[in-house]
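One chain comes next, on its own, written out as structure tokens in the form predicted alone.
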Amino acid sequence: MTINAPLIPPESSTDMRSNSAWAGFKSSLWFQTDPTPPAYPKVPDSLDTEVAVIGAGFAGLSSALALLEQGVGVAVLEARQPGFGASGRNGGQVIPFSKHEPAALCAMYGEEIGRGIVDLTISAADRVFDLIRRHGIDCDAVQTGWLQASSKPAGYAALKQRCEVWGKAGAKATWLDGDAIRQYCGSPIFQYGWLLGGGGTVHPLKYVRGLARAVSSLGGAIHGDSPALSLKPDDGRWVITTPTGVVKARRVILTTNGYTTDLWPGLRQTVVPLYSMQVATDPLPAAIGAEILPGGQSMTDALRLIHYFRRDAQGRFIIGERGPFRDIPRESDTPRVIGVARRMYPALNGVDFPFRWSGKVAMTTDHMPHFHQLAPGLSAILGFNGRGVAMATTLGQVLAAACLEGKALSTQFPVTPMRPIAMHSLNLVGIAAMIAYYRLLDRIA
């Protein structure tokens, strides 16, 4: 493997590990099961590159990888280390599915672009697993599908219609009723649901670190502990200042998602970063774990405030939910989601959940990812709304293709103007109230 600069031993990067943000990252199951990667070096005094990517998560690294495969020089700048943000903390579910149905997407964007979004969405999981195979990424990848199911009589027609419309659009969608859904999920409480083929799971931190290694092996420069402090145009190029050096690039791609700063005025205010918390058991004994998701699928329930859950390669049970949490969830934050797990799977009663962690999900007002052309040679992609593994990987590739073609952005996905959310600072208060209200409705139902 070729690395552009010597790697720093993990102990040398003390500034990354000296605050609660690092402590929150370190608390995750994913870090605990992949704890000691090399740390990428800081930006040198000066660096010239064709394309600078700011943000070393799924979107940034997949963009960089696609550009390098076409012979374009790339430098990736990361404020911490690859995978530090949502890409290294999420549930690892690879879901080729949009929260908007195909007809709604065509109504929103027109038939051509809407159909392009549908096709990208359906192919998104396959793109992830293709990258994993092509670059030999060891990330516990399993492509057995994704389940969505309900334990409530209400909502049957809506969920069945969702399965049917995605099946007609070309997805591998299978309706499951009664015993069929219970056999897949291994829980006695679910009454109906659907299986979306092509989906699967990965160890997300191993996956993002594998993408980083692939970028380095193709000659791309990755610089960690290198937050971009300013970004300015200068005589046809962009100049990025970091604490240790200056980067000049012909084109810049911003892929910072829920960890977006004020580097570009107004961009941070286009998304609302909502915490998602997860808890996990130790590897379950065979007598307990054999019937929980026996086919290896990942799963989401159909509540207003969804729970998403899966098993990992070692047999741990992992479940997550969204809410007004924090970088390091408190023990008092966990009983509710653990209670949900035990109601679904009574065999988990008495089983400890020693892992708890959280990360930021970038939510948009229309529940769609946003592509922005902020200035000539400056693009941004953010707002994956909980579908980051599949869609961030896929749209990173689309953005790279647009750079190669010399266009602003590809017509496969709509370019939208940057629109900061009004009264952005109050949105977290409103979301907390909305979460409490939705949780009450779910409890009543």
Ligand SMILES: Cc1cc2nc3c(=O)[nH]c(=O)nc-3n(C[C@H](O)[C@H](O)[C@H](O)COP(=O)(O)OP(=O)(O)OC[C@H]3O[C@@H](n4cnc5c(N)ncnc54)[C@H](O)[C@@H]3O)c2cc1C
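Values in this document were obtained by computation on a predicted structure and should not be read as measured data. Heads up: residue numbers just count along the shown sequence, starting at 1.
Unshown form predicted together with the ligand; subsequent notes refer to it.
Asker: Name the single residue among Y192, F84, F317, F371 that comes within 4.5 Å of the ligand in the model of the complex, judging by heavy atoms.
Answerer: Comparing distances to the ligand in the model of the complex, the residue within 4.5 Å is F84.
Asker: The ligand isn't shown here, but in the model of the complex which of S216, T121, T256, T281 has a heavy atom within 4.5 Å of it?
Answerer: Exactly one residue meets the criterion: T256.
Asker: Which of 287-295, 160-168, 363-371, 220-228 has heavy atoms within 4.5 Å of the ligand in the model of the complex?
Answerer: Of the stretches listed, the one contacting the partner is 220-228.
Asker: Is it the case that L263, even though its partner is missing from this view, gets within 4.5 Å of the ligand in the model of the complex, heavy atoms only?
Answerer: Judged by the heavy-atom cut-off of 4.5 Å, L263 is in contact with the ligand in the model of the complex.
Asker: Please check if A79 has a heavy atom lying within 4.5 Å of any heavy atom of the ligand in the model of the complex.
Answerer: Taking the distances in the model of the complex, the answer for A79 is yes, it comes within 4.5 Å of the ligand.
Asker: Quick check on Y184: any heavy atom within 4.5 Å of the ligand in the model of the complex?
Answerer: Because no heavy atom of Y184 falls inside 4.5 Å of the ligand in the model of the complex, the answer is no.
Asker: With the partner left out of view, is S276 within 4.5 angstroms of the ligand in the model of the complex by any non-hydrogen atom?
Answerer: The answer is yes: S276 has a heavy atom within 4.5 Å of the ligand.
Asker: Just to make sure I understand: among 376-393, which residues lie within 4.5 Å of the ligand in the model of the complex, judging by heavy atoms?
Answerer: Sequence-ordered list: F384, G386, R387, G388, V389, A390, A392.
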